[in-house]
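Given next, in structure tokens, is a single chain: the form predicted on its own.
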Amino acid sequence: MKNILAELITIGDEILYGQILDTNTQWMSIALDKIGVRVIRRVTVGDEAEIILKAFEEAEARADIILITGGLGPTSDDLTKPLLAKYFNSGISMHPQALAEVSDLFARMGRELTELNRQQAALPEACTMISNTLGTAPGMWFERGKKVFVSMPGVPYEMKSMMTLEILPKLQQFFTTPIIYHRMIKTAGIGESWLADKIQEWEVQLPLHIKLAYLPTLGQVRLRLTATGTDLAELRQDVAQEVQKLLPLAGKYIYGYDQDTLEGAVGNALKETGKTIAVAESCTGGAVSKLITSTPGSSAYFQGSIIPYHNSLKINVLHVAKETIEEFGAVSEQTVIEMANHVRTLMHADIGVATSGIAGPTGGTPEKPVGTIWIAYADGEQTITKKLAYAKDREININLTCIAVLNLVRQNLEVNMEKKLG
């Protein structure tokens, strides 16, 4: 079955200047994906006639569906309607239904319908009107051969209403689209290139109708499997079989799928094992605790935390030995070992974790440069430590440390579950 391709064009200087954030194209891409339409390009152009017309021409050469937002207001800088009329060699005349709808809208608001607003009901004769139940600018549907152009207002709630009520159903009637099914596999604790190397043979042997994409984010890599076909149940089954083949190769790095989060995976593992956790964090300043408690129901396993940022608190509240800090420093394996074990005992938790490091951008030394961070995990039977070496960016260092700590907890909980099952 032929893929149906779409291009999204956003019109407006305010988008290019960064004065308004374009959220429309993201929403439209998701909505189109759900009906089997593949978005191949998203373009933003300013309020210049020649550039807009060129964007129309290039999009028509590439795509089956061209969706346009913006430039439909009543003022002189709103160029979309006259340029679409020019592009389709069409005259513009007053559309009776559009005029009735905009007149009714102004009457309901108790406002006078000015001539400027009345002109919004004047539409290119080559288009089919799309009703706008939430605003004054109608949408416009154009057909040329097997191509479709649709113009909509840039106001997000107006666009979404039009897309949902009229445009998406019309596209499904006009085009025969395949089913597109995605499965997101989420990993932590391994970089993109190392993961790609581990699963290379599996990737090469994927069926032709299933494609793999690597989507790296900070400290994590998502693997997106996209299957295309005509039967959703078959696509789900095909993808599930490929996931099962992947598990022996990368299973220890996989913490979840689709909407799962790492902190949610940790929470589920804590509940499943009946374990509780406490946190002592210095360089992360409470960020680990915030992630853990962002999951609903975390009170079932989160005992509490302490942020002993100053060494005096590490010594007097958390009971890290003064001699340990004097000999090895606050940023050391010896210190985080005591932090993790003592917070576990202090808060009567099964597991204690700790962080201490130099988040930056200042404070580093030749021996311990910015980005040097120690983390520890203690559960009464074992204490595991890791030395992390990150960048000079404070926020990145904190976020990466949080991911490393949560992943350390997850991996050890999963080992315990495997032992229990064994």
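Note that the structure is predicted; figures quoted are calculated from it, not measured. The first residue of the shown sequence is 1; numbering continues from there. Basically, rigid core = biggest C-alpha set you can superpose within 1.5 Å across the two forms.
In what follows, reference is made to the form predicted in complex with another copy of the chain, a form of this protein that is not presented.
Q: Quick one: find which of 297 to 305, 321 to 329, 163 to 171, 334 to 342 has residues within 4.5 Å of another copy of the chain in the model of the complex by heavy atom distance.
A: Looking at the other structure, the answer is 297 to 305.
Q: May I ask you to state whether Glu58 is within 4.5 Å of another copy of the chain in the model of the complex, using heavy atom distances?
A: Glu58: yes, in contact with another copy of the chain in the model of the complex.
Q: Can any non-hydrogen atom of Pro361 be found within 4.5 angstroms of another copy of the chain in the model of the complex?
A: Pro361 belongs to the contact set for another copy of the chain.
Q: Would Gly46 show up as a contact with another copy of the chain in the model of the complex if we use heavy atoms at 4.5 Å?
A: Result yes; Gly46 sits at the interface with another copy of the chain in the model of the complex.
Q: Would you please decide whether Pro96 lies within 4.5 angstroms of another copy of the chain in the model of the complex, comparing each non-hydrogen atom pair?
A: Flag for Pro96 set to no.
Q: Even though the chain is shown alone, can you say which residues of 9 to 48 have a heavy atom within 4.5 Å of another copy of the chain in the model of the complex?
A: Result: Ile15, Leu16, Tyr17, Gly18, Gln19, Ile20, Leu21, Asp22, Thr23, Gln26, Ser29, Ile30, Arg38, Val39, Ile40, Arg41, Arg42, Val43, Thr44, Val45, Gly46, Glu48.
Q: I want to check Ile398: does it shift between this form and the one not shown by 2 Å or more at the Cα, with the core superposed?
A: Comparing the forms between this form and the one not shown, which are aligned on their rigid core, Ile398 does not shift its C-alpha by 2 Å or more.
Q: On a core-based superposition, does Arg222 travel 2 Å or more at its Cα between this form and the one not shown?
A: No, its C-alpha moves less than 2 Å.
Q: For Asn24, is the CA shift between this form and the one not shown at least 2 Å following rigid-core superposition?
A: It does shift by 2 Å or more.
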